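In the block that follows, a single chain appears as structure tokens, in the form predicted on its own.
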Amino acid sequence: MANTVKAIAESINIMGNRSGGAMKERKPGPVVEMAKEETGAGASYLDLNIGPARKDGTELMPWVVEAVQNEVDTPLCLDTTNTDAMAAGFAVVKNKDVAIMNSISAQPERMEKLIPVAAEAGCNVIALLWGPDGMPRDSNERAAMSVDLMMALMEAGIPNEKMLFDPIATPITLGADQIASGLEFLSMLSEIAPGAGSTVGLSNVSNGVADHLRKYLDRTYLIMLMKHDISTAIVNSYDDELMAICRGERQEHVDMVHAMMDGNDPDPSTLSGVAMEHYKTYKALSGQTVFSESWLEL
């Protein structure tokens, strides 16, 4: 059976070219257009990201939610670091039980503020493995943090099935160690939190890389995550090839990368085109070759 991943479309973002200005000026047109495009591309959820929105978050988040849900039925994923804005957004979400809260990190103030909101809404929760000291150093720290988050969510009555653990994708420009740690954590997740799902902000892996190259990293990284049964991913739904991978339509490439992850490399002289792109990109993402922006030409 083909692996599939539910896509959480990432493009409705306060930093986006089309959506940012529209959100700031409260012009629903471009935001609604994008919601329809992302839905048409096959997104399972629409991420509505207003960032920190310190000034007007409690007014902006409900505005975006209502603008989008009045026009499309795709479940929403509310994304902000502003806890008051998150609560205000969930107050107006229609289908709370299928919506996602992005995110509750392992930081006491965020847990205190948002766990009751999530419990009341009955929504899904992205449990972000980011603690009081920031980024976990390895898979064991991720595991410890995930247990803390899971226990706190369970105490509030949120079942494992509503949790999506995010091990945090780090840019390949910082090296491959953290990418490996995140994958290792995902391989442990079914034992740590049976029934729980997983997610990752896919494009973080290609942050800081030239725009025209980012898609290659995102696509191969998604396939690597699929080896450990990633259930959802926050993705660029405008990348048709990436969405095809999410739908399980590139099984031959998935099989090849997964075989490489098991130590069974194909003969590179037999590869060309997209297969060769995945081959070279996997070598870079796994730390077997040193990453540089010319990795596809080497």
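The first residue of the shown sequence is 1; numbering continues from there. Note that the structure is predicted; figures quoted are calculated from it, not measured.
Just so it is clear, the following notes concern the form predicted in complex with (6S)-5,6,7,8-tetrahydrofolate, a form of the same protein that is not shown.
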Exercise. Does (6S)-5,6,7,8-tetrahydrofolate come within 4.5 Å of any heavy atom of residue 288 in the predicted complex?
Worked result: no
Exercise. Could you tell me if residue 234 has a non-hydrogen atom within 4.5 Å of (6S)-5,6,7,8-tetrahydrofolate in the predicted complex?
Worked result: yes
Problem set entry | Any non-hydrogen atom of residue 201 within 4.5 angstroms of (6S)-5,6,7,8-tetrahydrofolate in the predicted complex | yes
For this session: Using the partner position in the predicted complex, report whether residue 128 sits within 4.5 Å of (6S)-5,6,7,8-tetrahydrofolate, counting heavy atoms only.
Result: yes
Exercise. Is every one of 38, 81 and 219 in contact with (6S)-5,6,7,8-tetrahydrofolate in the predicted complex, taking contact as a heavy atom within 4.5 Å?
Worked result: no
Problem set entry | Contact assignment for (6S)-5,6,7,8-tetrahydrofolate in the predicted complex, among 146, 102, 105, 178, heavy atom within 4.5 Å | 102
Exercise. 110, 227, 214, 96: which sits within 4.5 Å of (6S)-5,6,7,8-tetrahydrofolate in the predicted complex by any heavy atom?
Worked result: 214
For this session: Quick one: find which of 201-209, 155-163, 115-123, 186-194 has residues within 4.5 Å of (6S)-5,6,7,8-tetrahydrofolate in the predicted complex by heavy atom distance.
Result: 201-209
For this session: Determine the residues of 11-32 with a heavy atom within 4.5 Å of (6S)-5,6,7,8-tetrahydrofolate in the predicted complex and present them in sequence order; the list may be empty.
Result: 13, 16, 17
